[in-house]
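Below: one protein chain in two forms, given as structure tokens, structure 1 then structure 2.
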Structure 1
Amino acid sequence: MYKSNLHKDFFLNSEEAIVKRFNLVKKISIEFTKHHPIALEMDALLMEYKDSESNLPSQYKTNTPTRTEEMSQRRYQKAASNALTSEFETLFNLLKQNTLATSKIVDEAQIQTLIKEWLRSEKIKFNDLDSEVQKRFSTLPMTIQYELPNKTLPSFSKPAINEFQQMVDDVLLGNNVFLVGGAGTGKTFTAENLIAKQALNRPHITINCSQWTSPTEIIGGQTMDGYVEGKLIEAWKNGWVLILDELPKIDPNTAGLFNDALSKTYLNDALIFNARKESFTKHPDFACIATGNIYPNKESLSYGANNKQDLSLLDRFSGSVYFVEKNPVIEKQILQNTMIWSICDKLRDAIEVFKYEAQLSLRFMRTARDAYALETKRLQTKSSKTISANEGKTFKSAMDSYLSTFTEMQQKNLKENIRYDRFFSSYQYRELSIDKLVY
């Protein structure tokens, strides 16, 4: 009846998917002894597979499925789905027969036990799920874990950054990473928190670059309080992540002090020297991540404090430059206040539409959120000794302070765009839910 049973050795030595199909036929046909329509259909599919494999010389076989194989695959999936349904029907028929034979009602605990026992041997796969259920699972945060030789890093939720895996891979490969993006797009947060802290579980040390950044801060030097070791040296010998925040703002001559170290990031046991000419061996965990508003191969009108850097420095980041844009998903995760975020995002869009020379950053969003939390706490505290919520720092006062940096005409245009009078004139935003979008 079942032809596949006659070729058991062939199927059991085939690829995993074929072995599973053969075993399923064997199970639902009860060791090939029971006439089962679904098992017979799957048996026919197995024989089609064997015939196609047997008739084709091995040197001409390919992993690319033919149209016939694709049709067979779809027929198999349908048969497997029917088999799954059949298994449940068998289970409930047994329950029904048991009830009729014993005149006893099978309770919920018995049903749960039977189903659990069945699931131990027959696992439900992702493809068995309804398409809507599959879609929901696909949108859940992904937990990832990096495993390195002799080291296992902590698991964490993968952030919603398209190139995040590439950034981390670069660091692990010993490449210097450069994150480029406008003010407030989360470059520093990505470097310090998402990559160094969460993905790699490494301490970091930051050099805030400017025209005043001195060699002492980088490679060490003598101060009024004695000799101070440079941050580059500390990170190099201790295995910390060195964050060069706003790298393009540093004086190009001073930036040259990074060249030697950054050319050796990928090397094991590489040496660099501090201001005292003392040598230090590179720790295996040392890494460097730079951030900047522009890629510093040219001057910028929008970011005037940035300097065009020497090509030798830029070459240290070659192939590991990433352009970071505003990320609503991460911003909302950080703020945990959808109402505040939506108003700030609306204002940010208006600034871009009007092409005003200004930036609304994540820093301002956090300021606004914290001000809102403070005023909310004061509103909930009814005491004569407590400062009035309207007198202290509020979301409205934070917004007014930000808008005051624009001209009167610009303020008028921005307020109309975000419907300022509707939400801020009498603190009406206090009546809105923090979990919902305003616009």
Structure 2
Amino acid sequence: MYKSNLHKDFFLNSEEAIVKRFNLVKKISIEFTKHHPIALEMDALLMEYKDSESNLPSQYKTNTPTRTEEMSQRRYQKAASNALTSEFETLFNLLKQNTLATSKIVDEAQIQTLIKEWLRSEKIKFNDLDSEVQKRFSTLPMTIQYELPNKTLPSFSKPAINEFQQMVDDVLLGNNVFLVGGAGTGKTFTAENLIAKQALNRPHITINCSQWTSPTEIIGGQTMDGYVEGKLIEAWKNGWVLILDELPKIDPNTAGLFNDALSKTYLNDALIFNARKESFTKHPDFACIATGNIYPNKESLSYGANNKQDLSLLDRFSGSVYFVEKNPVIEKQILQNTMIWSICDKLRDAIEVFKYEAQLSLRFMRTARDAYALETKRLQTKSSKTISANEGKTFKSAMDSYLSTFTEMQQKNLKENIRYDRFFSSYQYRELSIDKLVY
């Protein structure tokens, strides 16, 4: 019944705890003759100990803890994990593993080696430090270094646009630029042609934003023709300038798709993901310029289709917002016709004085100028076979078309203000010099 009795010599020559346990079994089972449940359980443990010891080579034989020792060890571990910081718990586990692996008690030198190795892989973080030590670190002077782009840009004639150099600098510094201004003031042209193409010599890709702009256009997606990559992704990986034309018109939820990328424009090697969750590393030349008729932090009365945008999106542009105003110098340069410019400018002033909700843009000025060029050409080549000048597009017809968008009362006021009858009723402007101001 009691197997340990058969190995009396082995147990009595074992360590003290085993001898004690063996004698206890002997005692409570009255010389191994009486059936006793606790004695039988302890007998089984003794045999387990014997089996495990006999499987080990003699140099690795060790002291098996008694049940009481096992319990106290577990209690100690619990207390240790409660009381010690997680770092010390890690160290404790490390020591335990090492002890088990070698089945030896580790000595002080080994503990030091273990700690050193552990410290080499475990970095102590600032927050792990004592608050007093943290305070001392915070008051120490800090050395920082800015890395500014060191690039030779193509030379081109600088446009007469306010703050143009600052816009270019912003792009080079990795800031997202926002050009805000009335219709036809030249925002899109400035972004696409002047900044991206002429100043930086970089290709651009434009998203014409509206409430219908889809995530597919931005981050890619499945279409009838298969997967199409998004424009944001293309610009990001190829180093193109991403033009977000009329950004305030986009649905604010869709606009959220730009947030992640635009917060990383200035970072090197930043990653973004497309619709297929594939990652793309930023090309160093990636840049973003947005345009809009308003700064979209509120609903607009004049520009109804613009949406109020999330502040987090607007934050991506903070510090790099430029208000593009009408620019007579540029307008005259482009038109090359002072007479037409001055009439248009006079009309624009009148609209402003009367506070009518309308814009007279550079776009209209160009249309008027081109119409004038066409009618002049027709006048010069008078022939029965050609269309008469009055029949075709003229400066007058362009002006009439523009004025027709106002109410009758508004038209009357505007016509009086620009002395329409004097210059337009019988095409009198044709007699004026194109180099002269009319008013």
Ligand SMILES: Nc1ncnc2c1ncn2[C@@H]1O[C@H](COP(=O)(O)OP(=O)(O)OP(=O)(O)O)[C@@H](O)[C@H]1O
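Everything quoted here is computed from the prediction, not taken from an experiment. One-based numbering along structure 1's sequence throughout. In this text, rigid core is short for the largest set of C-alphas that superpose within 1.5 Å between two forms.
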{"property": "Structure corresponding to the form predicted together with this ligand", "result": "2"}
{"property": "Exceeds or equals 2 Å, Cα of T33 between structure 1 and structure 2, core fit", "result": "yes"}
{"property": "Core-fitted comparison between structure 1 and structure 2 - CA shift at L6, Å", "result": "120.0"}
